[in-house]
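Next up is one chain by itself, shown in structure tokens, the form predicted on its own.
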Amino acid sequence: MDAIILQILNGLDKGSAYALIALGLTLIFGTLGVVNFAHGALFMIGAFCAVTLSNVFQISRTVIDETRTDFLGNPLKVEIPYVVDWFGESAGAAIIDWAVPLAILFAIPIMITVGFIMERGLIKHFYKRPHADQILVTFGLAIVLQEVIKYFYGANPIPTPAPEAFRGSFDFGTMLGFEANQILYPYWRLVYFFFAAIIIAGVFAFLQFTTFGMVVRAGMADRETVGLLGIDIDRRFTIMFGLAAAVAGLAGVMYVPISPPNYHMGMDFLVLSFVVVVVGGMGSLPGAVLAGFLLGILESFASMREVIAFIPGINQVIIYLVAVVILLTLPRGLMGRKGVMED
């Protein structure tokens, strides 16, 4: 039982990342009709926003500490971060420690700007082109962005820790009546799950309860009629592209302490996220979220030692096998709409 609970938790953790990326992909496809293969790169850029801010906070100056000496008796040279100089020792240390959560504020305007530039500068020229053309051009853009990150940050993963307050593990066992230390789960992975839940709920609430969101949903259903009402639906869809980029970027920011970011992390998540979108149903936001968590949990169970020993390599293909089964029985996915990508 404890192993099952632990795998469910692991699945919710993976599913959170899948669901956030798939949600952004579906927003873009549902509003603009564009299959955006550069969306994984937005996840990667968000992760490196956190890395960048963490590095900026640690920029320091060298001072001589007369109270400390080396083994030769010479005063030691120590590095003091500028944020410690500006805000004091305790506040400066707290800012450095909380670099990843603070990167959310840093990443939002950057990701929205990147989204606007991407949509206005490139993707708008492919709205009426075949989906194959959209896939090729956005996939090429993803490779370019990946190589830019590799050039500036190198090819190796860059560890960026969570705040010290969230570096331990939560004892689920005692809460559920098990013995102590039987079901331990990292605090930050729980934080990531709740963060993802808040973002997903926020996106759905924005689309459901705001006038802007209602117009966007109407445009997704019948773009031409909304345009005839005198509403500039294209401008609203461009804003939605920026918001979708921000969702992907925030998913990347908060994922940094879970997996040290590298230049190809966007591609690693992109393929799986597209499978999630297809399984959930192209253009279906609830389907993307449902499929994200479902496939995350299935992948987690398939990664158990007992399962791998019985079926070697199953953890590498389980998502694709499930996708094949679902699409054979439900060609439009779990919650797909009639007519979407069926022309």
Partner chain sequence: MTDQTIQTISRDPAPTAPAHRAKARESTVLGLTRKDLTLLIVVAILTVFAPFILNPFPADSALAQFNAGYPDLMQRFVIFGIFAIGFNILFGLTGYLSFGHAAFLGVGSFAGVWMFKLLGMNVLYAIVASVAFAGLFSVVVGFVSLRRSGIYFSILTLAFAQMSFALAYSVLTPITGGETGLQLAKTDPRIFGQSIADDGNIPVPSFFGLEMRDSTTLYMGGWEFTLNVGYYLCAVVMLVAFYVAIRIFRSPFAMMLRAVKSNQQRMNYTGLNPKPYMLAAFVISGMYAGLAGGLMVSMDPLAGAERMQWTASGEVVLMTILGGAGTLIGPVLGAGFIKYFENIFSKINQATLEGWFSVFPDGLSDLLVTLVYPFVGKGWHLTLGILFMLVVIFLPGGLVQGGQKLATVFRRDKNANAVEGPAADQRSQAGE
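Heads up, when I say rigid core I mean the largest set of C-alphas that superpose within 1.5 Å between the two forms. Residue numbers count along the first chain shown, from 1. Values in this document were obtained by computation on a predicted structure and should not be read as measured data.
Keep in mind the form predicted in complex with its partner chain is missing from the figure; the text below concerns it.
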Site check L136, V271 and V278: each within 4.5 Å of its partner chain in the predicted bound form by heavy atom: yes
Counting only non-hydrogen atoms and a 4.5 angstroms cut-off, does F48 reach its partner chain in the predicted bound form?
no
Taking 4.5 angstroms as the cut-off for heavy atoms, does F194 touch its partner chain in the predicted bound form? no
Is there a non-hydrogen atom of M335 within 4.5 angstroms of a non-hydrogen atom of its partner chain in the predicted bound form? no
Counting only non-hydrogen atoms and a 4.5 angstroms cut-off, does Y151 reach its partner chain in the predicted bound form? yes
If we test each of R120, K77, R217, R129 for a heavy atom within 4.5 Å of its partner chain in the predicted bound form, the one that passes is R129
Exactly one of L141, I108, V226, I95 comes within 4.5 Å of its partner chain in the predicted bound form through a heavy atom, and that residue is L141
Within 4.5 Å of its partner chain in the predicted bound form by heavy atoms, the stretch out of 142-150, 186-194, 251-259, 160-168 is 142-150
Restricting to 292-328, the residues within 4.5 Å of its partner chain in the predicted bound form through any heavy atom are P312, G313, Q316, V317, Y320, L321, V324, L327, L328
C-alpha of V307: shift of 2 angstroms or more between the shown form and the other one, rigid core aligned?
yes
